[in-house]
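Just the one chain here, the form predicted on its own, laid out as structure tokens.
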Amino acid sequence: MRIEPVGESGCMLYLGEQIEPAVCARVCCAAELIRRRLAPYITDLVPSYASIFISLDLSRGGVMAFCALLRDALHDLDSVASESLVSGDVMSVGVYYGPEVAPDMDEVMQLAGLSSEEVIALHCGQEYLVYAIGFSPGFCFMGNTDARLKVPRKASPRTRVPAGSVALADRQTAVYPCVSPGGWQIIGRTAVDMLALCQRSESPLQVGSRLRFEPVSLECFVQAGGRV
């Protein structure tokens, strides 16, 4: 565990070096402990892959004093985290992988040496953890994908990626929650409104959430509100 001041009103808590479930569990546990034990001192808390940014209420004291409080508040973090690996309900997201909505499927197939059926089977064959939320509101960085699906970002990002696009980059997968530029490899589309889910007061999508993709037919995709 490492704590570093960030400017005059924040600090960064570092809890690991790898993108992996055990580190995610430490991040989630630390965030919960901070909310419970230090709520009066903070104005915002942003967990990510292996760190947490904490914005402070300076009326309660300076950054250095808070860093000392933070270290004391997390004295039992390792014992708590070891007892509570990331768990909970697994959210299912239906994805249509048809060629009309998967402009990069051929490139992914070529890079990975797989057929489209194999790409889809691997993408749907496991659960994913939400490691971070950012880039744009509701954009969940999820991992880790099967090593056989490790593909680079596109050399030239698109200026417009349709909302609901499901994509790959490195060992991660994500859903573009709204129309935006983007450089990930697009292999499908979902009708699920990820932005609306992330904005709910009791959101099922936050750092530490688990998600699984399931292939759906074009008919089911359209019936759910999806657009080709």
Partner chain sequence: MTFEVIKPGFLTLLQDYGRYGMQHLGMATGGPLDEHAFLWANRLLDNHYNCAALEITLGPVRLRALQAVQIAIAGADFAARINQQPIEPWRSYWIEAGDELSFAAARCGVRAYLAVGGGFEAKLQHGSCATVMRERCGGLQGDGRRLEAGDRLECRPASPGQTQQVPPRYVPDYGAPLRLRLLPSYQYDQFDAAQVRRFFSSDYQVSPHSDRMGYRLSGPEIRASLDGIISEGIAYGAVQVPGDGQPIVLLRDRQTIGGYPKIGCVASLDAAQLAQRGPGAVIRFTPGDFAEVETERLDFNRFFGIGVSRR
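Numbering follows the first chain given and starts at 1. Because the structure is predicted, anything quoted here is derived from the model rather than measured.
This next part talks about the form predicted together with its partner chain, which is not shown.
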query: Which of 137 to 145, 116 to 124, 72 to 80, 100 to 108 sits within 4.5 Å of its partner chain in the model of the complex, heavy atom basis; finding: 137 to 145
query: Val6, Glu17 and Gly61 all contacting its partner chain in the model of the complex, non-hydrogen atom within 4.5 Å; finding: yes
query: In the model of the complex, Glu32 touching its partner chain (heavy atom, 4.5 Å); finding: no
query: Partner proximity in the model of the complex: Trp184 to its partner chain, non-hydrogen atom cutoff 4.5 Å; finding: no
query: Touches its partner chain in the model of the complex: Ile133 (any heavy atom, 4.5 Å); finding: yes
query: Contact of Leu38 with its partner chain in the model of the complex (heavy atom, 4.5 Å); finding: no
query: Those residues of 194 to 228 which, in the model of the complex, come within 4.5 Å of its partner chain by heavy atom; finding: Cys198, Gln199
